[in-house]
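Consider the single chain below, provided in structure tokens and representing the form predicted alone.
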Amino acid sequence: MYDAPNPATNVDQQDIKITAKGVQVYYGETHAIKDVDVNIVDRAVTSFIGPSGCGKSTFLRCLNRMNDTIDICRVEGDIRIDGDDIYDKRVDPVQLRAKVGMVFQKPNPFPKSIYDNVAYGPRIHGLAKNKADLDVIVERALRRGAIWDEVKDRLDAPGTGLSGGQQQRLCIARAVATEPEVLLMDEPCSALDPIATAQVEELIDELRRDYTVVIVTHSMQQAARVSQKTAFFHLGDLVEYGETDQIFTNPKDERTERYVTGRIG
């Protein structure tokens, strides 16, 4: 089945962080993802693009087993991170989600202080021996979220009191506090204004130095700005995957060409 060259898996093996083969996703009788093969590169930003309802967010949620929380959802196929099968019955999804962080479409800070929002994950995963350790982890995460300078004097203030863009950067800080290796982002800028969007995009570019970043976006301009690799989904199929510049300027599949030129979507 995998003997023929596949554009979705044509990536230098040494750079691969996540491999997916033959992935199918069903919601009840609905076949939402169809036989997806993809290799996702380490220390890079990979964008998933495509029309609404094409399966890009569903596939993203396969990568940290968020679909496990949906009763009618069934995932088949093989997904590995660093060669380890993440759907192995011995894998604890909670531990997996510490390794594979996620940032959602709408900023969703906990109804807690800024400090406690970031400290929550490290606390439940036992990453700090004492308060001093936790202070270091919280500061480092807020710095990585590019929001430390704005909140360092009000760490006890509620996270919900921040602006939308600040809340999203707080959620990114919260996601990186558990020292994940992969960061998933499901349309992280769709609820933000242009200035906040630019700040988050700049942050995404910085985060790829330390993490494998996978982002779902409706904005082709955003995909072109922030990602090195792009995957185009359509009607549950992964149509084309490659270098971002190539996908946007010289797509190999007619469906990709029609989407990036605005004729479908």
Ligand SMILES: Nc1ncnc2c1ncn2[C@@H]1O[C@H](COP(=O)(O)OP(=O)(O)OP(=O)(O)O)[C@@H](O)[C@H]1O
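The first residue of the sequence shown is number 1, and the count goes up from there. Since the structure is predicted, the reported quantities are computational estimates derived from the model, not experimental observations.
Not on display, but discussed next: the form predicted in complex with the ligand.
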> Is Q221 close to the ligand in the predicted complex, meaning a heavy atom pair under 4.5 Å apart or at it?
Replying inline: no
> Even though the ligand is not shown here, does A32 get within 4.5 Å of it in the predicted complex, heavy atoms only?
Replying inline: yes
> Looking in the predicted complex, any heavy atom of T58 within 4.5 Å of the ligand?
Replying inline: yes
> Closest heavy atom of E187 to the ligand in the predicted complex, within 4.5 Å or not?
Replying inline: yes
>> Which residue, C54, V36, A231, V45, is the contact with the ligand in the predicted complex, using a 4.5 Å heavy atom cutoff?
In response: C54
>> Using a 4.5 Å heavy atom cut-off, which residue among V94, I72, A132, I195 comes into contact with the ligand in the predicted complex?
In response: I72
> Which one, 221 to 229, 204 to 212, 64 to 72, 36 to 44, holds residues whose non-hydrogen atoms are within 4.5 Å of the ligand in the predicted complex?
Replying inline: 64 to 72
